[in-house]
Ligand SMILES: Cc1cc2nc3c(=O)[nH]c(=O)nc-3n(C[C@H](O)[C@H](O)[C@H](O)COP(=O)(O)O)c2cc1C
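The chain below stands alone and is given as structure tokens, in the form predicted on its own.
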């Protein structure tokens, strides 16, 4: 079996971080994986904002949902993933930039896991706080925030978060989500 498939299968969106800072080359490798994602017509409608100054980190942490505030603040790398819809126009009623953004984020997450990092994408954030706090223009849309860093100790997490991190990963079996020829027709 492919080594890449092993990394994909083993990857987790854990929530435990050490306080060890990431090296510049590590951050660059994550960004390189992000930028090599496919995008429709190679338009690459993405931006990554890295919160690094104490004020930017405060804005990032303050914008997190209550649940994410329980574990994400210790992460060494905090990113806002931003799409620019006009660079990947809507077609057939679909917001195509969102597909491009998802593929780029997955590239980064797989690369991070392969490098021994914890990397976690989040939709739980205050959109207005992120836009205002980071001066994001109206034509750009934050689609997620991400936290990355070296793995910490799961034992250091609050009990309700620790339970999530220790829960075995499960996935639906292929026949549960795959059909042949018509929606609902079993794939065999």
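Numbering follows the first chain given and starts at 1. Remember, predicted model here, so these are calculated numbers, not experimental data.
Another form exists, predicted together with the named molecule; not displayed. Remarks below refer to it.
- When contacts are judged by a 4.5 Å heavy atom cut-off, residue 71 counts as touching the named molecule in the predicted complex.
- Under a 4.5 angstroms non-hydrogen atom cutoff, the named molecule in the predicted complex lacks residue 138 among its neighbouring residues.
- In the predicted complex, the named molecule lies farther than 4.5 Å from every heavy atom of residue 16.
- Within 4.5 Å of any heavy atom of the named molecule in the predicted complex lies no heavy atom of residue 158.
- Contact with the named molecule in the predicted complex, defined as a heavy atom within 4.5 Å, is made by none of 43, 47 and 142.
- Residue in contact with the named molecule in the predicted complex (any heavy atom within 4.5 Å), chosen from 59, 121, 33, 131: 121.
- Checking 47-55, 147-155, 34-42, 63-71 against the named molecule in the predicted complex, the stretch whose residues place heavy atoms within 4.5 Å of it is 63-71.
- Contact annotation for 151-172: residues with any non-hydrogen atom within 4.5 angstroms of the named molecule in the predicted complex are 169, 171, listed in sequence order.
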